[in-house]
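Just one chain is shown here, as structure tokens, and it is the form predicted alone.
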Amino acid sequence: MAATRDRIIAATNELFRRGGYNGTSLRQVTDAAGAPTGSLYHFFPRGKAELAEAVITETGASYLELFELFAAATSDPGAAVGAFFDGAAETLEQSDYIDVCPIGTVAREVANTHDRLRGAADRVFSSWIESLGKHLEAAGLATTEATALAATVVAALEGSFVLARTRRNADVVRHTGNHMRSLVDAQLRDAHNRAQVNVGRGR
């Protein structure tokens, strides 16, 4: 049964990437997943919105796990950010510019019309910001600075997807990633310099 649920989630994820929330029907989901309608309603008795919420939540968790793998590979948060953007750019190219992240697509569609799905997307983005913020804080930024910078990086990532898909050029994502890495490096450098000054003053 778990395998059927996983097929439904994976199929919906792919369909959302291609057509968004409003452009995807439950019939398309069951056809793509090779699952009967009864199975879909067994796992998601409240229908499309409940299914979409699960897709947003589980996809968001997968991307968070992926970022944590990049972060674990280096002690340099800027390098982790740059590597993540580079990986996203490569995925865009390999998929022929199908949306890398259905979360942003769904969020843009439903932000003013479906509070439950807006809230699910908000929780996902907040979890990404919190994760990156913790790494930035561990590297020397104050909590407020770390959170604000992490939010900027997430916003830049989502915006770069839109531009790259519109232009069909993944270099937009790479260039944005380079700028975000430079921004992270600069803020960490400033924080380190401030700390050194305070130590010199005996604080």
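Numbering starts at 1 and runs along the sequence shown. Quick caveat, the model's predicted, so the values are computed rather than measured.
The following text describes the form predicted in complex with a further copy of the same chain, which does not appear among the structures shown.
Chemist: Would you confirm whether the three residues 75, 87 and 170 all fall within 4.5 Å of a further copy of the same chain in the predicted complex, going by non-hydrogen atoms?
Modeler: Not a single residue of the candidate spot has a heavy atom within 4.5 Å of a further copy of the same chain in the predicted complex.
Chemist: Considering only heavy atoms, tell me if residue 22 and a further copy of the same chain come within 4.5 Å of each other in the predicted complex.
Modeler: Flag for residue 22 set to yes.
Chemist: Taking 4.5 angstroms as the cut-off for heavy atoms, does residue 158 touch a further copy of the same chain in the predicted complex?
Modeler: Answer yes; at least one heavy atom of residue 158 falls within 4.5 Å of a further copy of the same chain in the predicted complex.
Chemist: At 4.5 Å between heavy atoms, is residue 152 in contact with a further copy of the same chain in the predicted complex?
Modeler: The answer is yes: residue 152 has a heavy atom within 4.5 Å of a further copy of the same chain.
Chemist: Taking a further copy of the same chain as it sits in the predicted complex, is residue 122 in contact with it (heavy atom to heavy atom, 4.5 Å or less)?
Modeler: Output for residue 122 is yes: heavy atoms within 4.5 Å of a further copy of the same chain.
Chemist: Relative to a further copy of the same chain in the predicted complex, which residues of 75-109 have a heavy atom no more than 4.5 Å away?
Modeler: Heavy-atom contacts to a further copy of the same chain in the predicted complex: 96, 97, 98, 99, 101, 104, 105, 107, 108, 109.
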